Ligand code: H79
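Single chain ahead, by itself, as structure tokens, in the form predicted alone.
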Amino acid sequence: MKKICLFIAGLLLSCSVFAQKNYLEESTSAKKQRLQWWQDARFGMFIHWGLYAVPAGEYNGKDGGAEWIMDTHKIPTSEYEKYAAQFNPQKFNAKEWVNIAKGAGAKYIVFTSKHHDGFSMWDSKITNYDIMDATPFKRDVIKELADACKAAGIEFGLYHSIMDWHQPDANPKQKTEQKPDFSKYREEYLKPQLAELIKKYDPAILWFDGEWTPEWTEEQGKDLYNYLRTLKPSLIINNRIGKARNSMAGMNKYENAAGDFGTPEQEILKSNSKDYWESCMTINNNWGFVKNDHNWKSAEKLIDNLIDVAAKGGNYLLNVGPDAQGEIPEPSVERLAEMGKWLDINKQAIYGTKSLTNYKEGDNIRFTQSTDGKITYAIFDKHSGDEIKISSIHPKAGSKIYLLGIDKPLTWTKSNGGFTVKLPAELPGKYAWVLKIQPAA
């Protein structure tokens, strides 16, 4: 009887494995449908927050590190763990963070569930090294953020590090009696935690990092990709789940790699791409909070980056690093608010658009197009006098051209192989302006 039971169990297991869907063989049309909301969104907010906010970029009087401070200053695990007892962000307000993102025009948020330091920012049942068990704060910030995003109509995503400096089986540098067993870490810690995140918080995106650790392979990445999408088929997962990322340029080095989109870091692709991609960038110099980092990019630069990314067919994931009290630094809040004001007027030219082959003209005009191809948007940040000349695209004869933010059509004429648009005396908003054009067939 025992042998029969074992045989049946084995048969069921083999049938289950045989029947499991290979999500790496997803059709182009199915992938397009799955990623459509994400591609239409164009703009998201990254949030790097963890124990590293406590030292705030300084250790024993020496600067450097931010979210890498444990590695930068070679802080022993037992010493770094002490930051957990100091982490008590009484000013944290999930609704306020989400309102800041929504006010900026961001359509999704990606939050650090676990960075390389290995600290879990949710109520994990897999470890006690988490925000509920190891800190005096004892609030599940991921649940609060997930709930706030859902209430605000913002998609919620989670960053998760494959590399883990706290887990002995994942960190050969740790001095332990037993030899590190990465496969044990992968199967008994990494995967169970990810399954927990999916089941408890239902993220729309999983954003991996730390894949360069030598123990990780492309095969493991593909296995994890299939495992996660079996748990939630609609998940969108970045290319750092595998090993294909080409350094900070972020796009894949080879075909058939695991993951759905490329991840250029702190840079924007030089041209448009047929592949899905998202440029992740900081507002100042660091991802995590650093008290001495005051090198803030201007709102004008951030808006210019968003325009450039959208014109090239990508997404812009812009980071904030809240402090140990749970507040997003005011310079970040101010700049995000400026982006929101600009998008209030010009959102048609960013959301739900596609890239054109000739996505720019000179240094000051970039183009996007509605997905149905019926409208082309010319986004410009400089003009000569009271008019602007464009030659790369051509309006439909007899059509009307509008400036977003103004209801009255503008006067335009053909000129020298292109066309010239008469601009109003006062332009709406600042930083850049958008012409709404019906293109010639």
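Heads up: residue numbers just count along the shown sequence, starting at 1. Since the structure is predicted, the reported quantities are computational estimates derived from the model, not experimental observations.
Beyond what is shown, the protein has a form predicted together with the ligand; the following relates to that form.
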Worksheet item: Does any heavy atom of Phe261 come within 4.5 Å of a heavy atom of the ligand in the predicted bound form?
Response: no
Worksheet item: Would Trp212 count as a contact of the ligand in the predicted bound form, using a 4.5 angstroms cut-off between non-hydrogen atoms?
Response: yes
Practice prompt. Verify the contact flag for Tyr225: yes if a non-hydrogen atom of it lies within 4.5 Å of a non-hydrogen atom of the ligand in the predicted bound form, no if not.
Written response: no
Discussion item. I'd like to know whether Asn292 contacts the ligand in the predicted bound form, with contact meaning heavy atoms within 4.5 angstroms.
Written reply: no
Worksheet item: In terms of non-hydrogen atoms within 4.5 angstroms, which of the given stretches 36-44, 23-31, 65-73, 393-401 touches the ligand in the predicted bound form?
Response: 65-73
Worksheet item: Taking the ligand in the predicted bound form as the reference, which of Glu265, Glu155, Glu196, Glu218 has a non-hydrogen atom within 4.5 Å?
Response: Glu265
Worksheet item: Which one, Trp342, Trp277, Tyr80, Tyr159, lies within 4.5 Å of the ligand in the predicted bound form by heavy atoms?
Response: Tyr159
Worksheet, complete the sentence: Checked 123-157 against the ligand in the predicted bound form; residues with a heavy atom within 4.5 Å, sequence order, are none
